[in-house]
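A single chain comes next, written as structure tokens; it is the form predicted on its own.
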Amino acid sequence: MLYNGVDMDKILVKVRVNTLKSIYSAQSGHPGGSLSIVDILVYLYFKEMNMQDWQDPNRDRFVLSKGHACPALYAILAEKGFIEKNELWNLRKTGALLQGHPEVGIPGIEVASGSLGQGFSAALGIALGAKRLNKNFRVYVILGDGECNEGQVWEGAMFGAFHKLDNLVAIVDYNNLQSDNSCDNVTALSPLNEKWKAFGWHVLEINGHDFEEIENAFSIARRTKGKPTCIIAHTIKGKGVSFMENNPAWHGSRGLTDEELKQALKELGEE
């Protein structure tokens, strides 16, 4: 996909590659759930959001509620020029800028997140504040599917619908795996779409690795009035790397060997 002369597919490869390289440098992190959200992040930051200057008070806001997937977000921020690319290679190192969860103080980070459910609550508050102050910016938040086991998420879902936060879009990264096992074997989420609908949200389901479907969903969300939108994005954990895809062992708390990195970069198509 081309947008304003930008080849989004090339950016997709760069972000996936740099996400894995940063995790390799740290020898720890969460590769599976980082790789599953890259397509959505690339679309958000390079087309959907007004985010040319992250300090502009009228900018759109983004919150990564599943904060453990921050290696992908950091790689995006580096591509946007908000942080220096060299910072990626110091991921999780003592005294470095980029730690294992997003922190306020990192250019481009709106909310400290990682305690599951709390980032979603913060995004709801930002969206309500925008409504109260008659601001036109939009708010986007990515939640994990395992995160939807948290009661705080459903309290927030009620809150968002009650306040008619049509300036808010929640994206659920539905890769159907969490840290221990498949979501179905931990606390089944199905039917997830019906749950969000019952809480008063406009719900869309898409392939989270298809730019056309992502684009169509965000377009519909912009036209939806009177209620917030939830986009359930069906994704693949570890997307693009054969030995990581749909493998819960790559959720987190592990690094990559030299050979694993070499194979992964080859499969991702590093130039």
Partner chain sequence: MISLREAFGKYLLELAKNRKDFFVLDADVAGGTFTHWFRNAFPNRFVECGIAEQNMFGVAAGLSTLGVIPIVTTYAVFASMRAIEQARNSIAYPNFNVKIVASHPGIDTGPDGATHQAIEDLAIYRSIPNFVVLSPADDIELKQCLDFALDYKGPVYMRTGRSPVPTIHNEDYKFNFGYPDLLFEVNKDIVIFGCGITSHRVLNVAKKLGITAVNVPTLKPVNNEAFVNILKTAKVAITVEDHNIIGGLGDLIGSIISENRLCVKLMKVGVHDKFGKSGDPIELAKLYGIDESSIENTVKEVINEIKR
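Just so you know, these numbers come straight off a predicted model, no measurement behind them. Residue numbers count along the first chain shown, from 1.
Another form, the form predicted together with the partner chain, is not on view; read the next lines as being about it.
field: in the model of the complex, R61 touching the partner chain (heavy atom, 4.5 Å)
entry: Taking the distances in the model of the complex, the answer for R61 is yes, it comes within 4.5 Å of the partner chain.
message: in the model of the complex, is there a heavy atom of the partner chain that lies within 4.5 Å of any heavy atom of V104, even though the partner is absent here?
response: So V104 counts as contacting the partner chain.
query: Taking the shortest heavy atom distance, is G156 within 4.5 Å of the partner chain in the model of the complex?
result: Yes, contact at 4.5 Å.
- prompt: Taking the shortest heavy atom distance, is A161 within 4.5 Å of the partner chain in the model of the complex?
  reply: No.
message: So if I measure heavy atom distances to the partner chain in the model of the complex, which of the stretches 133 to 141, 168 to 176, 187 to 195, 87 to 95 falls within 4.5 Å?
response: Partner-contacting stretch among the options: 133 to 141.
message: Is the partner chain in the model of the complex close enough to S115, L124 and L128 that every residue in that trio has a heavy atom within 4.5 angstroms of it?
response: Answer is yes for this spot.
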